[in-house]
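First comes one chain, alone, set out as C-alpha cells in the form predicted alone.
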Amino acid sequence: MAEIENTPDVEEMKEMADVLLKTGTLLMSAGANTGRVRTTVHRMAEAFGYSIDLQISQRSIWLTMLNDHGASIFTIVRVTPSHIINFRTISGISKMSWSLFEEPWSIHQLRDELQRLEQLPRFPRWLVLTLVGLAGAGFCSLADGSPIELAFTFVASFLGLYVRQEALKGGFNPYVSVYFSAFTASLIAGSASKLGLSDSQNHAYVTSVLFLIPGVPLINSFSDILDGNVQNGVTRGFVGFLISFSIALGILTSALIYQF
C-alpha cells in the first residue's frame, strides 16, 4: 500500500476500507456470486459517501479508495478465507447493507455486526448429518427405491458426509475428501445390491452421492460468466468440475470392487 498522509479523513477511509473488504471476503467465502459481492460492497460504500473500485478474484479482493475526481487515494488487498457455504451470512449482510439507507450506522457498528454474523452458530453436526441422510433417502424414494434401499441410502449419505467432514478436519485436500466421501457412500449403498436386498436398478447406489453435487459453484460459475466476471466464472466452473470428477472417481472405485 502506498505511503499516504495520516490525516483524520484518511484514517477514517482506511477503517471504512477495512470494513468493506471484510464484507466482501465474508460474502465470497460464504458462497455469494461475484456480482452480488460487488453490488453489496458498492452499496455500503455509497451509503457512507465513498467512491471505490473493486477487483475480485476467487482468493482475494483489491479495494481502491477514489477521490471526487476518480483518482486513486490508496489500495488495500485482503485474502479470502476458505469457502464454506453459509446462506445465513449472505442474507444477514444483504439486510445490513440495505438498512444503511434507512438509519445511520457508524463504522464501529458495521464492524460489530460483521463480527456477529461471522460468529453465528451453525446447526448441530448431528442434525446436518441426519437431514442430509434424509435428503438422500428422499432422492432414492423419487427414483422408486424400495424401503430397504431408502434405509441404505440414508446410512450411506449420513456416513459419507461424516467421512468428508473428518477428512477435512484431518487436513486432507478438499477434492480428496470428496473422493473419500463418494467412495464411502457408494460402497455402503452398493452393498444393498450385493447382499441381494435390492433389485438390479441400484437406486441406493445412484442416489447416495447426490449430496456431494457442487450446485453452488456451478450456479455461481454460470452467473459470473453471464455478468461478465469471466475469470471467476471459469475458476468456479473448474472447481465444480474437479468436485464432480472426485465424485465419479469415488463411484468408479466402489464399482470396480463390486464389479457393477
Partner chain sequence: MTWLLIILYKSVWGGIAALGFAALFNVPVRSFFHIFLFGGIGVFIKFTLLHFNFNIALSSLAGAVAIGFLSIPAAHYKHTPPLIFYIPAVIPMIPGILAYRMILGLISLTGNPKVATYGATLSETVNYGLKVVFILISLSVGVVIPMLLLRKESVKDIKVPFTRK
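Positions refer to the first chain, counted from 1. Model, not experiment: these values are computed from the prediction.
Keep in mind that the form predicted together with the partner chain is not shown, yet the notes after this line are about it.
Enquirer: For the chain seen here without its partner, which of 66-74, 52-60, 32-40, 188-196 has a heavy atom within 4.5 Å of the partner chain in the predicted complex?
Expert: Of the options given, it is 32-40.
Enquirer: Could you tell me which one of Val163, Leu114, Val155, Val128 places a heavy atom within 4.5 Å of the partner chain in the predicted complex?
Expert: Exactly one residue meets the criterion: Val128.
Enquirer: Within a 4.5 Å heavy atom cut-off, is Ala167 in contact with the partner chain in the predicted complex?
Expert: Looking in the predicted complex, residue contacts with the partner chain do not include Ala167, since no heavy atom lies within 4.5 Å.
Enquirer: Taking any heavy atom pair closer than or equal to 4.5 Å as contact, tell me whether Ile107 reaches the partner chain in the predicted complex.
Expert: Taking the distances in the predicted complex, the answer for Ile107 is no, it never comes within 4.5 Å of the partner chain.
Enquirer: With a cut-off of 4.5 Å between heavy atoms, is Ile85 one of the residues that contacts the partner chain in the predicted complex?
Expert: Close contact exists here: in the predicted complex, Ile85 approaches the partner chain to within 4.5 Å, heavy atoms only.
Enquirer: Do Ile251 and the partner chain come within 4.5 Å of each other in the predicted complex, heavy atoms counted?
Expert: Because a heavy atom of Ile251 falls inside 4.5 Å of the partner chain in the predicted complex, the answer is yes.
Enquirer: Could you run down 129-161 and flag each residue that has a heavy atom within 4.5 Å of the partner chain in the predicted complex?
Expert: Leu131, Val132, Leu134, Ala135, Ala137, Gly138, Phe139, Ser141, Leu142, Ala143, Asp144, Leu150, Leu161 sit within 4.5 Å of the partner.
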